[in-house]
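Only one chain is given next, in structure tokens, and it is the form predicted alone.
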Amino acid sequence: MPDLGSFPRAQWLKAARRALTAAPHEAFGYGGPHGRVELRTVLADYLARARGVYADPDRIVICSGFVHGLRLMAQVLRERKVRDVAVESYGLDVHWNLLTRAGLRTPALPFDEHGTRTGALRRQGAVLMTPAHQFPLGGALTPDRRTEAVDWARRTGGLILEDDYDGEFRYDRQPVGALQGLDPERVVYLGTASKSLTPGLRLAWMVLPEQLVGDVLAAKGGTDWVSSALDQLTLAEFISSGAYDRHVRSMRLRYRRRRDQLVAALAERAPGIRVSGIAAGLHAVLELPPGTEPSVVQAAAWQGLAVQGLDRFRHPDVPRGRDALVVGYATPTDSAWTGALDALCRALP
């Protein structure tokens, strides 16, 4: 969860006024399933520039959040006779459950100290991954394993569903480019404004292989029932004006400071606790002594903190692994951050 108090209300209002003034009359009618062309056009430019995505506007479909996009893809995969969608060993059960309800099996890929073992992909029809910043473990997929995944997709005709949920937030170097840039015909890129702006907008986008565009539009339906045309036009204006880039740069600095403060506080007050994963995103993974995860989660709850143990994100088919705490350091407001950090340190062993 991002810092909801940092949503750029004044800049968004300016963009909304400009978008509303310039909106054609047809924008107030029932929109098509593709989404507004104004937004798709500026997204194509932004994603190419910021994430290395090949994104022709005609291959972009606007959706209402990542889960909506995943639901559309699950329907398309089922209709294409896909039975198995491989997933990472750790992730979100809401995604696995969605795929299962669509009639798809979700075998978990093995992992090691270098992350998901993409070389284990076999006869699955697709794989769902977070290659730029694995959620929740926090690593980036290594170059050789990125290549393995793309080679598998080319060899078998499989699809890679790339969840690029927070790829813009990297603090120690330039962000890792999207996997989609390696093969736009074998990777479905899914991006969202939920982490960069706010989940309340319910705006996300899919960049599709050409062969899938028609199927996804058919799955979405003849009319856009889910995404407000005015919000799409506002986001298009927000991006094209440069306000989006400025906001992302500002939040990148803010979240980097918070992560640095978290690491410094742990070094001083809980030196036995190590932060694992790359310096990126909106969360950190705190490695705990073996057997302490449940008690630390409970101690954090007593301190009024909503943190999760790593086991909460483990796929049911994966044996229990190391003990760790998943901490969303972006969530507290500025006024609550210092107190939340103090409370976290008190809860740690």
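Counting begins at 1, following the sequence as shown. Only a predicted model underlies this, so the values are computations on that prediction, with no experimental measurement involved.
One more form of this protein should be noted, the form predicted together with another copy of the chain, which is absent from this view; the next part is about it.
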message: Is residue 259 part of the interface with another copy of the chain in the predicted bound form - any heavy atom within 4.5 Å?
response: no
message: I'd like to check something about residue 336: if you look in the predicted bound form, is any of its heavy atoms closer than or equal to 4.5 Å to a heavy atom of another copy of the chain?
response: no
- request: Indicate whether another copy of the chain has at least one heavy atom within 4.5 Å of a heavy atom of residue 200 in the predicted bound form.
  value: yes
field: residue 67 within 4.5 Å of another copy of the chain in the predicted bound form, heavy atoms
entry: yes
- prompt: Do heavy atoms from each of 16, 28 and 227 fall within 4.5 Å of another copy of the chain in the predicted bound form?
  reply: yes
field: Sole residue of 215, 151, 231, 183 within 4.5 Å of another copy of the chain in the predicted bound form, by heavy atom
entry: 231
- prompt: Which one, 81-89, 187-195, 152-160, 240-248, holds residues whose non-hydrogen atoms are within 4.5 Å of another copy of the chain in the predicted bound form?
  reply: 187-195
message: If you apply a 4.5 angstroms heavy atom cut-off, which residues in 1-37 are near another copy of the chain in the predicted bound form?
response: 1, 4, 5, 7, 9, 12, 13, 16, 17, 20, 21, 22, 23, 24, 25, 26, 27, 28, 29, 30
